[in-house]
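Okay, so we've got a single protein chain in two different forms coming up as structure tokens, structure 1 first and structure 2 after it.
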Structure 1
Amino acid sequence: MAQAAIALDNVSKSLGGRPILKGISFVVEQGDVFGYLGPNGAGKTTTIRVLMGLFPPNSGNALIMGKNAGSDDARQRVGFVLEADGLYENMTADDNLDYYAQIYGLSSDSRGRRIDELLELAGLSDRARDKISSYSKGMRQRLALARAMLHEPDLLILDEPTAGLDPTGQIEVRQTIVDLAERGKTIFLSSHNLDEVQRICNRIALIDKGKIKLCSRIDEVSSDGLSLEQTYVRLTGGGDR
């Protein structure tokens, strides 16, 4: 059986003496497009920071591809797209990707080929030499996805990748995510957008008040006759806090 892409086992994390994650456990299998849902303050961002190795758990284990989250071995297998896209506005798309490709240690011989491939995947080949300052937010997000793929990670962790985008931008970013999944990449997608999750994810987990309330295949959520939205409201009360 293939190694799980993400395995959290009874992970707890407190910040400033306040418990944020309260013994959460779930598994993301390789090839999943996994939606991670929950109200603001539920623990989604803290979970992602644990997976990035920024917040070591107070207890429990967090593994990426069988390696401790935050270890060099784990970092080589994962790419991140967070709220701040990390792009340099006064540089072109080409130059942004080339800069990060050098950080990732890609050779000069392979950089150009890899950058061209990813710009095509992101639908940005015709804007490769334009400065990022001229890009829409949706284009920036697609370029951030391309940047996260430079070192060919097996797993992508995406934090609200379509937040703040207009409908066209949302559709374009979602399509890029689907294209990556079809190439065999595992996707961990933190989102508030229930419709988006239902469209592109095959499995979900729902966190509320630091505890996992649901972990299921998306097609099993409605087995009791409730929609994903109704299930979300029933388990969380429907509001942020």
Structure 2
Amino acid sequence: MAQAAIALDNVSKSLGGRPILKGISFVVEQGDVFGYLGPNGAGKTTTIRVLMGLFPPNSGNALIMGKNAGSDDARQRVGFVLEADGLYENMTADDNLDYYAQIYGLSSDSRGRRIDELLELAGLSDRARDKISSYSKGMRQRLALARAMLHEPDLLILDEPTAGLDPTGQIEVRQTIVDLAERGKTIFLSSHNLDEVQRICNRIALIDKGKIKLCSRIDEVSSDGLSLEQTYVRLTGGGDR
């Protein structure tokens, strides 16, 4: 059996003395498009920061492809789009991608070709030499996705990639995610958007108040007659924290 892409085992994390994650466990298998749902303040971003090695867990284990989440090996195999895209506004799209390509150790021969491919995939080839400050939010998100793919990672961790986008931007970003999933990438998608998760994910987990309330295949969620929306409201009370 293939190694799990993500394995969280009883992970707890407190910040400033306040428990944010309370012993969460779930597994994301390779090839999954895994939706990670929860209200604001439930612990989604903290989970992602643990997975990216930014926050070491207080207890429990976080593994990426069998490696410790904070290790260089793990980070080399993960592509990411965080809540803030982290692009450099004074630099062009080309330069932003080139910088990360060098950080990931891509050779100078392959860098140019890879950047061209990804700009094409993101539909930004004609804006490659424009500064990021002139980009729309949707274009920035697509570029951030392209950046996440530079080093051909096995796993993509996406923190609300369609948040704040207009409907067209959401469709474009969602389509890019579907394209990546069809290429066999494992995708961990944190989102508020239940409709989006229902459309593109095969498995989901629901976190609320730092605890996993649900982890199942998407088609099993509605087996008791409730829609995903109804299940979400029932398990979370429907409100932000």
Partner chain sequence: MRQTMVIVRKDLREALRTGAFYFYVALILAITAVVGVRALGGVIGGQVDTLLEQGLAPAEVAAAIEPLMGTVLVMLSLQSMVMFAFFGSGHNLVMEKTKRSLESLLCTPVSLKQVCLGKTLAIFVPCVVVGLLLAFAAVVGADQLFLAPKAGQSVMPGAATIVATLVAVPLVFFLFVALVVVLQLIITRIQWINGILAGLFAAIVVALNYGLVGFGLTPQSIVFVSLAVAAVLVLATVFLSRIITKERIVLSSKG
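Quick note, the numbers are simply positions in structure 1, starting from 1. In this text, all values refer to a predicted model and were calculated from it rather than measured experimentally. Whichever C-alpha set is largest while still superposing within 1.5 Å between the two forms counts as the rigid core.
The chain as displayed in structure 1 is taken from the form predicted on its own. On core superposition, residue 89 has its C-alpha offset by 2.5 angstrom between structures 1 and 2.
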